[in-house]
Ligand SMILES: C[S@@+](CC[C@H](N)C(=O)[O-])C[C@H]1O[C@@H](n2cnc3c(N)ncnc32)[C@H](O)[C@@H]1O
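Taking the form predicted alone, here's one chain by itself in structure tokens.
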Amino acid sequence: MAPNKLKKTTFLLNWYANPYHTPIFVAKKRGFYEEEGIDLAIMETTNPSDVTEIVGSGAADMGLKAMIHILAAKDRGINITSMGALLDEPPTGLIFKKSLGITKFTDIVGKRVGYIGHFGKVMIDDLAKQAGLSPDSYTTVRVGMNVTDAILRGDIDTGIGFTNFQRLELEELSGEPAGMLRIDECNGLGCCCFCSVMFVASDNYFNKNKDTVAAFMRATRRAMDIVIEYPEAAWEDMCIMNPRLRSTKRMVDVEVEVEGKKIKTKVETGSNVYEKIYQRTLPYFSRTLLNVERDWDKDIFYRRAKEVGFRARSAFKLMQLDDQFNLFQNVERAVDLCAAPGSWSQVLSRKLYHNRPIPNVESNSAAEQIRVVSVDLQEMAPIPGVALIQGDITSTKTAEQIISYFHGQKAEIVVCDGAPDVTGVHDIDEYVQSELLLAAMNITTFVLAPGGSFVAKIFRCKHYEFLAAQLNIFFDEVTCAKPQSSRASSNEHFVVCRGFKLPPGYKPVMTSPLLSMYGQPEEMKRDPVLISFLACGDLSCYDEDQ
């Protein structure tokens, strides 16, 4: 039963009501706030940059804002408190039409880059500085949250947005594929926690109204459970509260003229872009609404990477795998697939050229002993002693280029830390990652010497054992490992395969499925095997996620 007297409480959204606000509107429609004694007035902002100041001044009781803007507000002396998370780490970056040809951050030269608020410009300028770009080589334009509209109008070429919102919106409204350069990957951060959307209140309101804040969070958590467990019902609630979000997609009868004859047919009209955004956002909703502490000063691997000159914290994953498996013993040549931004290539360079002369990779003469070759579709900044190939790992030409750098010899180890541009839909992400792993394994059969090793990222999923058993066809030993520097909350693991050998009768061919049983000899058709799992390092001590 709701209390006799409800407490009027104001809540300021960080933008217009949209799909990722669904839990708040579900709680409102179903009376959960009233049951907690709250009469919640939900308000929209015309300028997202105003939210922290409005909430911080007490003009609104509570609101929503991204973590990065909360930190920026605190730095400006606005005293606000975050009491929970609505969205956890939605991938964020520069979105653009793929036809624009942007593949790396330095491609913003000569382009107009849109940003939301002041701190967005700071991020862009900082990334440009790291990339060696001068401030006058690109133009920044403040567009607020309307980055998609600004791109479609031609006001900007690219701008900051969510993969589950503005990127999808751009694809739907422009009718062409959209690309994204993730800010966390450009900066080697390893996560998008800075773009998590948080519940906030002024310090004063929070301290004086802790019961109301707790009641609000309880009601919203009940609604979140419905969103997660019954997403269709939750979306219907959202559309009832905000009819403009409802799909307008319909099949309508039309009459067209074909070769002088009038023919009746049906065509699709309207849009369901908001429903698609909602579906794409579902994986990023915080199930618990709890804040996850993230202090970059305490992220020792991020800090160490910057201190010792690695391009990303992921370098420590390969180093910890080496500590466990002694990967580089007697290794003279190594290949890094899907290498950008190059942190694993840096590790390989330091390991294989230790106390050895670094060759001139430009000459590629027989006198130059190149020990590391790195491959990626994106252009990479040079690394001492590393031959860089901007190419496709599914191409035979790429395999031939690798062998040519080694003057006809093959590598003793192939590594791959590549990952797909995740959608947030776990089944799709796991499938695409598995396909990437198989593509890496396919080219490995061309360039890896007998007895060699293969290390690659994998998203551990329900079909992992099947995939690992297939790898066992080509290696004497296959182990699944979790380095200490890999976040405990991440589904990321690594397969470490040793003792490479080609099965009898198997001929590597890029144009056919790597592990298809069709047409392969009977000795390749083995029973499933159990693959061991090994944690690299003492997990009882420092947990990177804590």
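The first residue of the sequence shown is number 1, and the count goes up from there. Throughout, rigid core stands for the largest set of C-alpha atoms superposing within 1.5 Å between the two forms. A quick note: this is a predicted structure, and the numbers were derived from the prediction, not measured.
The same protein has a further form, the form predicted together with this ligand, not shown here; the description that follows concerns it.
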Handout entry: Answer range among 309-317, 252-260, 116-124, 133-141 for contact with this ligand, defined in the model of the complex as heavy atoms within 4.5 Å
Key = 309-317
Exercise for the section: May I ask you to choose, among 201, 373, 411, 339, the residue with a heavy atom within 4.5 Å of this ligand in the model of the complex? Expected result: 339
Completion exercise
Exactly one of 150, 468, 160, 436 comes within 4.5 Å of this ligand in the model of the complex through a heavy atom, and that residue is 436
Practice task
Would you check, heavy atoms only and a 4.5 Å threshold, whether residue 391 touches this ligand in the model of the complex?
Solution key: yes
Handout entry: Exercise: residue 89 in contact with this ligand in the model of the complex, heavy atom 4.5 Å
Key = no
Problem - 4.5 Å heavy atom contact, residue 216 and this ligand in the model of the complex - result: no
Exercise for the section: Spell out, yes or no, whether the shortest heavy atom distance between residue 404 and this ligand in the model of the complex is within 4.5 Å. Expected result: no
Problem - residue 89 C-alpha moves between the shown form and the other one by 2 Å or more, core aligned - result: no
Exercise for the section: Align both forms on the core first, then report whether residue 167 has a C-alpha shift of 2 Å or more between the shown form and the other one. Expected result: no
Handout entry: CA of residue 376, rigid core aligned, shift of 2 Å or more between the shown form and the other one
Key = yes
Problem - Sense of CA distance change between residue 315 and residue 284 in the model of the complex, threshold 3 Å - result: closer
